[in-house]
Ligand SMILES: Nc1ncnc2c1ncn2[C@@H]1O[C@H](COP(=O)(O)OP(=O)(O)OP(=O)(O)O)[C@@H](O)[C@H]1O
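Just the one chain here, the form predicted alone, laid out as structure tokens.
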Amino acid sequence: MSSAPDIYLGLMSGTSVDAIDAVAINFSATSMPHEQRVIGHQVLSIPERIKSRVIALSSMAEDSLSENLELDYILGHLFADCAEKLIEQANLKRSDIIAIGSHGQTIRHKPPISNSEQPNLSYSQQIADPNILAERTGVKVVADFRRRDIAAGGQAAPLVPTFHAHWFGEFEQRKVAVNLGGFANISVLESDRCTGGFDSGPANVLMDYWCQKNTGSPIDTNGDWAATGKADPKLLDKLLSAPYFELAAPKSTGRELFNADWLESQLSPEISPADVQATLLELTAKSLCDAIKSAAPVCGEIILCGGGVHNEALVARITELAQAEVKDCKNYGLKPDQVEAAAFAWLAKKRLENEPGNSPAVTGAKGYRILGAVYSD
């Protein structure tokens, strides 16, 4: 006898601020192959004028309360647009959806300083008003996933490792799941548990900025432009000398550190734009693989997720540097752009079941915590 559907939606917009991803998953379909549990996926591009405002607010170029509140309202409606499109596309009854897990859009992330003996000011803020989402969809919403972990002394990031363990974990071997979004993070998986993880550094965020500035394109498709250049060893060493790379885990980062101003301050005019792009690609690949070797020196498999999987040159370089087999997450039934949204669908499920969603081994929180606030339909 088949169990009743256990359907959740997940909504995610990452640090690249290019689009909102919505994924619907039936978590009761455990006997089905992974790919059959995914009911639907919808992508809604964020208008360029909104994207530029979000990036300015995230980078502290804009620090206005009214700007924060306006974008919270605007993104709330965009997230609702995306959810409604998915519900229509997947032919879902709203009454069949248990809840929507909405990550929102991060605009500030200042985690506690790792290994500090003194309390320090820390916070993480995501916007995209969940009240609007609940009102428009008529579905219960879970949001504000990060601040409870911050309150418990954690980094509040990354949060996807517990989902990685749920979806990718197996008993046969140690694996590392990698998310290549605006920033890269790793999850060390021991069977079906996550035993470690952290942000390794920039992934697409700097490459996207440099590509937009020099070519007018928001992304370096397939890494084709980077492939025309050559990584500059001196510049690479300079970038890798950023103190963040030497910090011990738990640690997390964002645009507050690795942003356009930081990059521009590292550059010298004699390096061609294409060589800078090639160096940024090498920065992503090397910092990631160094992090994996440090956290999981014995690793049977590396699973790549996130938008960076579409950068063929980046994936090829990671494959060259890695000391393990590299696989695309689509081999596990989730497309690269679906994983983070799926993770927040799962975290919403954990919240409603009153089960913890964080991993203290990853975030450094004082213990396991139930994450997320519930907004009734």
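Model, not experiment: these values are computed from the prediction. All residue numbers are counted from 1 along the displayed sequence.
Not on display, but discussed next: the form predicted together with the named molecule.
Put simply, Phe183 is close to the named molecule in the predicted complex: some heavy atom of it is within 4.5 Å. Using a 4.5 Å cutoff between non-hydrogen atoms, Gly306 counts as a contact of the named molecule in the predicted complex. In the predicted complex, the named molecule stays beyond 4.5 Å of every heavy atom belonging to Ser359. Though the partner is left out of this view, Ser58 does not reach within 4.5 Å of the named molecule in the predicted complex, counting heavy atoms only. Judged by heavy atoms within 4.5 Å of the named molecule in the predicted complex, the contact stretch among the candidates 70-78, 257-265, 186-194, 173-181 is 173-181. Heavy atoms closer than or equal to 4.5 Å to the named molecule in the predicted complex belong, across 204-227, to the residues Asn204, Asp208, Ile219, Asp220, Thr221, Asn222, Gly223, ordered by sequence position.
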